[in-house]
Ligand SMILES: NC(=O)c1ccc[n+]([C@@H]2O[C@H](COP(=O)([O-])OP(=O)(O)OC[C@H]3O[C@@H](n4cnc5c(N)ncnc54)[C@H](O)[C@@H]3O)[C@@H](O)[C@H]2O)c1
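This document opens with one chain alone, in structure tokens, the form predicted on its own.
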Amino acid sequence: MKKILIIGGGAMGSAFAIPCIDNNHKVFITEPYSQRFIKNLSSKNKFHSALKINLPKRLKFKKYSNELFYEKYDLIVIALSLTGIDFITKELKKFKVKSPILLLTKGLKYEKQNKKILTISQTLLKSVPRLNLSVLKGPCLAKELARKCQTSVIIANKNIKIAKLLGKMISTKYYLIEYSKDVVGVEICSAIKNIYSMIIGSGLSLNKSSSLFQKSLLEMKYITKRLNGKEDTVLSLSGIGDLYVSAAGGRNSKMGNYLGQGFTFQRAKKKFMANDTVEGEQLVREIAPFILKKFNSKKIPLMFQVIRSILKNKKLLI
């Protein structure tokens, strides 16, 4: 039995707790700022309003405080949204955390001072270089994992032995783990697929969407290589696997569908998705300054069209 702390009580963090509990680990979960999820997790029946299920009674909720980091854990899982990364980075800097950390958060950061794009793990390690950090990505819908549908993900660490130790700790018959040394490539693919799933969703027909899928993969390969990841990683679970799931029915694909119908981004957001977070939009706004300056639009025309559509609120021309 291992002792695991999950930081982030949203859909993914809470769903991730289930295979850990099924492996007979002692699992604690904490939520730093969402009153909605704090209420869910601290309630008697642990009904999670995002997952629409009662979480296992063995899952223990802990109120977030600095004292959590004085305890010893076999694994700390970061399952915060992208906006929570700055918060947890500041928290981790305060303590000498020796426990292995597994990062579930997807996204990229634009470092304005040095004018370069960093992955989330690079952002954390730049501020807290001593961390024993691995990343977990892949085609995983939280609601399906919570219901124990077969799910495959990938753990990346330059030291593959560490990745496999973590995989052994959390894998089950329904939660299958693959491994990679290409941490950068895995993170890049898992982030930019949100943008390309919007593009695929704009196709409005299987014929056009399949063509956009193929072109999206070519652009993802080009971007991944330019950002020092491996091209082959695009064909892994974090690339084509995650892209398929997002394009098949996620919020980014849904927004892409409205853009394909001729709506501008602002109009579609206000009319159809006012209360929804569109991760692809957030990523575009984060990395566009770098992409527009450093990349040739002829190499990644689909990406440039989405950037134009979101930043200038123009109709998508694909």
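Start at 1 and count along the sequence shown; that's the residue number. Remember, it's a predicted structure, so these values are computed and weren't measured experimentally.
FYI, the form predicted in complex with this ligand isn't displayed, but the following is about it.
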This ligand contact in the predicted complex: I18, any heavy atom under 4.5 Å: no
Residue contact check: I177 to this ligand in the predicted complex, 4.5 Å heavy atom: no
4.5 Å heavy atom contact, F87 to this ligand in the predicted complex: yes
This ligand contact in the predicted complex: S197, any heavy atom under 4.5 Å: no
Listed residue that, although this ligand is not shown, lies within 4.5 Å of it in the predicted complex (heavy atoms), from L75, V153, L212, I170: V153
Listed residue that, although this ligand is not shown, lies within 4.5 Å of it in the predicted complex (heavy atoms), from T105, S216, T233, T119: T105
Candidate stretches 131 to 139, 156 to 164, 90 to 98, 108 to 116 - the one whose heavy atoms come within 4.5 Å of this ligand in the predicted complex: 131 to 139
In the predicted complex: members of 31 to 55 within 4.5 Å of this ligand, any heavy atom: E31, P32, Y33, S34, F37
